[in-house]
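Same chain, two versions here, written out as structure tokens and called structure 1 and structure 2.
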Structure 1
Amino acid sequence: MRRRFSPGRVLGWTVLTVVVVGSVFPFWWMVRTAITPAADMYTDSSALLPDNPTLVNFARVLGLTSEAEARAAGGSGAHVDFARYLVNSVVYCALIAGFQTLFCAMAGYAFARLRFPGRDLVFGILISALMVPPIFTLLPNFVFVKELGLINTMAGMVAPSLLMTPFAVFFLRQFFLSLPRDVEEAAILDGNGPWGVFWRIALPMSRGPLITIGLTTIVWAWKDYLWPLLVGRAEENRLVTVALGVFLQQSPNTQPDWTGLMAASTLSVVPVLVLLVFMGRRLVQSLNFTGSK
């Protein structure tokens, strides 16, 4: 009993509770605003639950109501082509996560196992790129994509992030260093070269870290806003995050459509939330650097 109610344990649980509540509460307030009627937005602003919850905000954001019905519900009449933007966002995230994870794995394995002149120097230069703020590369990337004629195309949107990131290369290199060399040497004796060892031995043993990099890349790409706003403003390539900004701009200047915006934001969070719920356990297990299932 003394150990159970020790001051350190109580303090730890208190801090953990505060952090969890502080992390979850903004999401809950977003959902709470999304199910609140526009007329009750300010009259019922202090309650944790609205007195008259409704799903009409989701319906009008998705364009399932007429403009007259949307305005009667307190909206501006604007809606989001959520299905198209969702597909664009999924394609955008899948391309970046898939190619970036593959190329980072190849680079990480090369830095961990292959010996070539200047390896450590090149790796040091690559890691030093972590200190460069992404905003510094925004303009050069934009000029490069523009010169290639890829503005308002999916290829131009994914081009700067398609190859690798310094952190992912470092993360996977550290894992490859922990792999037992005996297994790789046995594969070499069986006639496999570096490429065969990488594909047949290293990658299957690295599923956990690869899933970790893939999930973190998907989450990062899903919430990316500035670059898709600059390069993918066309309707056919617009992402969900950019669409939320367009939806807000369609609202009257005197009164933003907060309930509709929160409904659209909730819908944009659902796909990533579902992904993390189903893959979260694998993500936690992979952080142990065991390389097992």
Structure 2
Amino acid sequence: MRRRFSPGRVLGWTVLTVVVVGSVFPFWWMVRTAITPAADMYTDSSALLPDNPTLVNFARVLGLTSEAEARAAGGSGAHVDFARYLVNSVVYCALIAGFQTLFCAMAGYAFARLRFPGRDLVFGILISALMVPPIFTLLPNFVFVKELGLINTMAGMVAPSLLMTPFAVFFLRQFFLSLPRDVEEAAILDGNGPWGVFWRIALPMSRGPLITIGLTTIVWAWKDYLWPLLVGRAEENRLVTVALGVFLQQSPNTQPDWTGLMAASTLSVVPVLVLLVFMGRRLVQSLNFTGSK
């Protein structure tokens, strides 16, 4: 609704502006620290840009410099290779989001449309897992993955979330229930079996919710920390989040390597920022989806 200029509106916009600045400024400070030479940390002014901007901190956390150069630029001398950790994180997210979405869509469809004995009971049991805090299953899962010899493998890292999460099954079942049946009925009369209806009719009609659940899964997988910390601590499997934690530990407690840490932190934000720029509308709408349910 259109309204005239009023003190209330000015106040409202002022508050929103403060909120936006408060959300964005810390990120700017992160980038600003990342482009500050470590040697300048005590002498640098606190202006919005450092006195002597540099990219050396990015180069060293990406493993592009020799150990001596990294040390000279403020590193602890321990090996860091965020290029590899970023690739690991992307692979991790892609595997989980891809498989989980597909499998949960199949199950959601079965629970919404197919008829079989015990359907509602099985669904109820699956959904009850939503009530259990993840750390309860995490402990035995760790022991199990260890018994299988999958510690420090990508397989062990993705295993618990590759096939399903109760939320995705629930979400997609609710969506399939809301689809009009007519088209599917027509396809059945045309001689399609359940698989045909699912692949040719139901899935193409569900692009929006599938993208919603896929994006949500990617975001959560990108943020994952506790499980990959336990299962994927080795250098070659480390995700960005785990690597950030390790990097902090390697850094001297008395004077952390802030320029390097902020360069690495910036790298962990870049993929998310890309996602936001290209899929921002989708992401925002996906919240409308969950918010209005």
Partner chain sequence: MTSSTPHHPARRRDDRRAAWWFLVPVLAGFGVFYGYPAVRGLWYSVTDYTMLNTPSFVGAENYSALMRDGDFWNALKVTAWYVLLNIGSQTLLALAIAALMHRLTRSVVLRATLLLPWLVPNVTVGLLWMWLLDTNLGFLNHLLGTVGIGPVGFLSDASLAMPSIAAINTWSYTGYTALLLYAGMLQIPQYLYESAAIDGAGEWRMFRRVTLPLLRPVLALVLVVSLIGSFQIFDTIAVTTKGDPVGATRAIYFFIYEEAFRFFHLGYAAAAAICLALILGVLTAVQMRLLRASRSDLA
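The term rigid core refers to the maximal set of C-alpha atoms that superpose within 1.5 Å between the two forms. The shown structure was predicted, so the numbers you read here are calculated from the model rather than taken from an experiment. Each residue is numbered by where it sits in the sequence of structure 1, with counting from 1.
- Two forms of the same chain are shown on their own. Structure 2 is the form predicted together with the partner chain.
- When two forms of a protein are overlaid on their rigid core, residues whose CA moves 2 Å or more are considered shifted, and W227 is not one of them between structure 1 and structure 2.
- Superposed on the core, the two forms differ at P53: its CA moves 2 Å or more between structure 1 and structure 2.
- After superposition on the rigid core, the Cα of V240 moves by less than 2 Å between structure 1 and structure 2.
- Once the core of the two forms is superposed, the Cα of E67 has moved 6.1 Å between structure 1 and structure 2.
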